[in-house]
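Read the single chain below, which is given as structure tokens and is the form predicted on its own.
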């Protein structure tokens, strides 16, 4: 029984450990050199010694449960090919920052919150000397704390939603161990006298060749700007984060059913595709504790463990209550579209502006394929990973209905970039069959 786990964050690590404890042969494929994912960046984690770990490796294609992998630095022309036959696959591919566009968001000096934290935790590098952190969600607090610890002056932390929203979910908070962690962040920010403002956001960044300042404003509940509240702040860096977008390339490629933009799973982590399980942020955003619990459940099920991990199952139920409260307390509201100007880039890779997107819609584009062809949005290097969700939302708001194929922004026959030479010499069979 071989289980292949894709992703080495909290969910993937827990899945691999649970599967190997259940007696399966386990291969853990992760794109990073060290295990732990973004959550444990800077403090590498370790899997059970019986787990075969393929570091710096990506799954670029699959046929049924046969996975094609390349190992080595992404910029190396000498990556090693692997072909893995699996009896079950656990997808724990995580998520990346969701960033909403605003005028100037493409300037050097504007960072995603995750990138800023990765630089601080992984390399001890501050993205700037005077930094504003803006967006929505509790992730903004550890990002601000990370910046303070590497010497940046965090001028303000701006949360676009109201803090009071959590008062509607006291049960969800009371059961989560993160409360102590949040209290620690609050203590650090308080010690450094960093203002944390609710219902406020960075709505524009300014500068010629890099950021020199931002416009911030108070927001209404729908995120439209309150008149007369705009003010300008001098900064040399901005960190923005508006939640997370799941990495769905492999799940969509396998044909897994999606619900609400996430992989639909049953109580064991099984997807709609036989032999394919999913855990962590690809099934919903709920933090590292929930991801690890889901990984333990999915790993045990994938390895056909005789007994389900009851402790992990209880943690999943508890964590999903927190996840539901998190989604309700920190939505991304449509009023943000009013921050944009016609020349605001909505797709940075192909330099597509809001005006270009509107022109494509005026021509009759009403689905992802036609929008891509008419405007080139989503056809660049990121293939819609950064802009796809926002393009779909902007188009839906303009058309008055959701795009019929919004999930198509996640559809990529080659899940990761591959050189033509690598494609030409890719082995077709596993090493043991050659």
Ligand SMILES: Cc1cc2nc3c(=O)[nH]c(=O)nc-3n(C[C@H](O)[C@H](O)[C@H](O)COP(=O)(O)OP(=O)(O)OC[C@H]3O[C@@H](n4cnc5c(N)ncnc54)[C@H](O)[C@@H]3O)c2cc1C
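Source: prediction; values computed, not measured. Positions refer to the first chain, counted from 1.
Same protein, other form: the form predicted in complex with the named molecule, not shown, and the subject of what follows.
**Q** Check the shown form for clashes with the named molecule: superpose the C-alphas around the site so the partner sits as in the predicted complex, and report blocked if 3 or more ligand atoms are within 2.4 Å of backbone or C-beta atoms, open if none are.
**A** By the 2.4 Å criterion, open.
**Q** Quick one: 101, 212 and 407 and the named molecule in the predicted complex, is every residue within 4.5 Å by at least one heavy atom?
**A** No: none of 101, 212 and 407 comes within 4.5 Å of the named molecule in the predicted complex.
**Q** Just to confirm the contact call: exactly one of 282-290, 190-198, 153-161, 78-86 touches the named molecule in the predicted complex at a 4.5 Å heavy atom cutoff, so which is it?
**A** Contact criterion met by 282-290 only.
**Q** At the 4.5 Å heavy atom threshold, is residue 6 in contact with the named molecule in the predicted complex?
**A** Contact check for residue 6: yes, within 4.5 Å of the named molecule in the predicted complex.
**Q** Taking the named molecule as it sits in the predicted complex, is residue 114 in contact with it (heavy atom to heavy atom, 4.5 Å or less)?
**A** So residue 114 counts as contacting the named molecule.
**Q** Using 4.5 Å between non-hydrogen atoms, is residue 62 touching the named molecule in the predicted complex?
**A** No, residue 62 is distant from the partner.
**Q** Taking the named molecule as it sits in the predicted complex, is residue 384 in contact with it (heavy atom to heavy atom, 4.5 Å or less)?
**A** Looking in the predicted complex, residue contacts with the named molecule do not include residue 384, since no heavy atom lies within 4.5 Å.
**Q** Could you spot which one of 218, 333, 121, 321 gets a heavy atom to within 4.5 Å of the named molecule in the predicted complex?
**A** Looking at the other structure, the residue within range turns out to be 121.
**Q** Given a 4.5 Å distance limit between heavy atoms, list every residue of 84-102 close to the named molecule in the predicted complex, or none if there are none.
**A** Those in contact are 92, 93, 94, 95, 96, 97.
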